[in-house]
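The form predicted on its own is given below as one chain in structure tokens.
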Amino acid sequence: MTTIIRPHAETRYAAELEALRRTDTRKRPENWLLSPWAVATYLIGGELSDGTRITPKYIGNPRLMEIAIATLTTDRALLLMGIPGTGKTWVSEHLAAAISGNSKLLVQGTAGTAEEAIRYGWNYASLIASGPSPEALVASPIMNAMENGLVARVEELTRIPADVQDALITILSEKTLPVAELGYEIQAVRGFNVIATANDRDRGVNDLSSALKRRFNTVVLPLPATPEAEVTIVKQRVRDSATELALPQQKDILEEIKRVVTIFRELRDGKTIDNKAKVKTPSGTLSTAEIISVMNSGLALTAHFGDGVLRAEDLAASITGAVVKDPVQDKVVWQDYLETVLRERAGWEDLYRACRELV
């Protein structure tokens, strides 16, 4: 039997979504599978009246999720903003899964994304053989969402060239998509909306026009507010990843997660956790997603090439790689942190030695 590496949210959490549909008695917007309250419960977590436990998908300020969901009940689209690694894509996928039962209507933004990815394209064999016709038209994910009253997703909107971005303006403002070649238009069915994600910190970002910005309600997703919240997120996502990657489940990794979270937060904030010393900050964002990646790499290393027990040596290379993005500037920052902070921290000698050997 073939095993899918990463099932879509609506598949992976099908039991939770079904339990919510079964117990949800609140009013649902047209073509929504769940009420706004149930969507929020799916994202934030909770316990249903029948005893079903809903795992939290987003750990942070619940009000942000409520604002995002409320936006999607209106005629305004939703723009999730934040630096890389704040969970924008994760939230976008789960919102679409809970509302429409389909998170696959996705446009992935890149520098090479063409207008056809947002509007529609053509089957050129059919086009040449018989000219423009409904049969030759290739619907985009957004067109499909409009026709069926579903939620479409646009990832990395600011990666898309500005002139292509603006193809969304008519769709979002008029809720219609003209097909000039065939002399008709696609009008959006109730339930249609768009969730876009964007960040303005990476290179290669194309600013949104003022006209397009006005079509979105923007919700900024911050990094976790406290070390405890970040540890909780990492622990949950690492556990899930270990299951997906068929890695042995380890019981005693919480302390290692806390150490990596501490390092990343101190370098990100420019000061130690106890506020007693300032530290230099590297060029990268050092997001929660990168902490999860470091932990997953360490678990894979010890599972396949170690003794099965996660140690400092298994994490050192991934930590160093995450911090040192610029081989000149970041290397100096990392060496300074190792000598002034890590070296002096009681109980961290193993992690200091393992990292020091790599720089």
Partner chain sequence: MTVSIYGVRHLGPGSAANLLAAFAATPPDLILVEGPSDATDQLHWVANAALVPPVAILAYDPTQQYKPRSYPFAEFSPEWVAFRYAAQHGIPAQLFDLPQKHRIGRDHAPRMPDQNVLEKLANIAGFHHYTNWWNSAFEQRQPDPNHFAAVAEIMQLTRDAERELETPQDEAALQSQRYADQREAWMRTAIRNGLAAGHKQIAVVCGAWHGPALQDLDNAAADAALLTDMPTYAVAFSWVPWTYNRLTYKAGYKAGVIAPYWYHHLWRCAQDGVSLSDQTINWMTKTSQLLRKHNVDATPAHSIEAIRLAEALAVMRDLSFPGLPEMEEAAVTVMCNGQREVFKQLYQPLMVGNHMGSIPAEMPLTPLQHDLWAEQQRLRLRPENTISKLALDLRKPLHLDRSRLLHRLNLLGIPWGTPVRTGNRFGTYKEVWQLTWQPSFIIKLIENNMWGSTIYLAASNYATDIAEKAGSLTALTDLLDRLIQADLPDAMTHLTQQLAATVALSNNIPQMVAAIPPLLSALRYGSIRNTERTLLQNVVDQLLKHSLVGLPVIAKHVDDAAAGELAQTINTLNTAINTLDDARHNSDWETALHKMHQTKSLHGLLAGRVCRLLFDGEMIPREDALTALQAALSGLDVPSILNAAFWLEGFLQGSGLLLVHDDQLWVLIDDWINSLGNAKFNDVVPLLRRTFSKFSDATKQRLRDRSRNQQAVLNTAQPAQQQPLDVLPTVAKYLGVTLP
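Numbering follows the first chain given and starts at 1. If you're wondering where the values come from, they're calculated on a predicted model, not measured in any experiment.
Omitted here: the form predicted in complex with its partner chain. The next part is about that form.
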Quiz item: its partner chain isn't shown here, but in the model of the complex which of I54, I59, V324, A40 has a heavy atom within 4.5 Å of it?
Solution: A40
Quiz item: With its partner chain left out of view, which of T71, T89, T285, S140 would have a heavy atom within 4.5 Å of it in the model of the complex?
Solution: T71
Self-check item: Partner-proximal stretch of 132-140, 181-189, 271-279, 156-164 relative to its partner chain in the model of the complex, 4.5 angstroms, heavy atom
Solution: 271-279
Quiz item: Counting only non-hydrogen atoms and a 4.5 angstroms cut-off, does T23 reach its partner chain in the model of the complex?
Solution: no
Quiz item: Hey, in the model of the complex, does E313 get a heavy atom within 4.5 angstroms of its partner chain?
Solution: no
Quiz item: Is A317 close to its partner chain in the model of the complex, meaning a heavy atom pair under 4.5 Å apart or at it?
Solution: no
Exercise. May I ask you to check whether D75 falls inside a 4.5 Å heavy atom distance of its partner chain in the model of the complex?
Key: yes
Self-check item: Contact test, all of N217, E339 and R343, partner its partner chain in the model of the complex, heavy atom 4.5 Å
Solution: yes
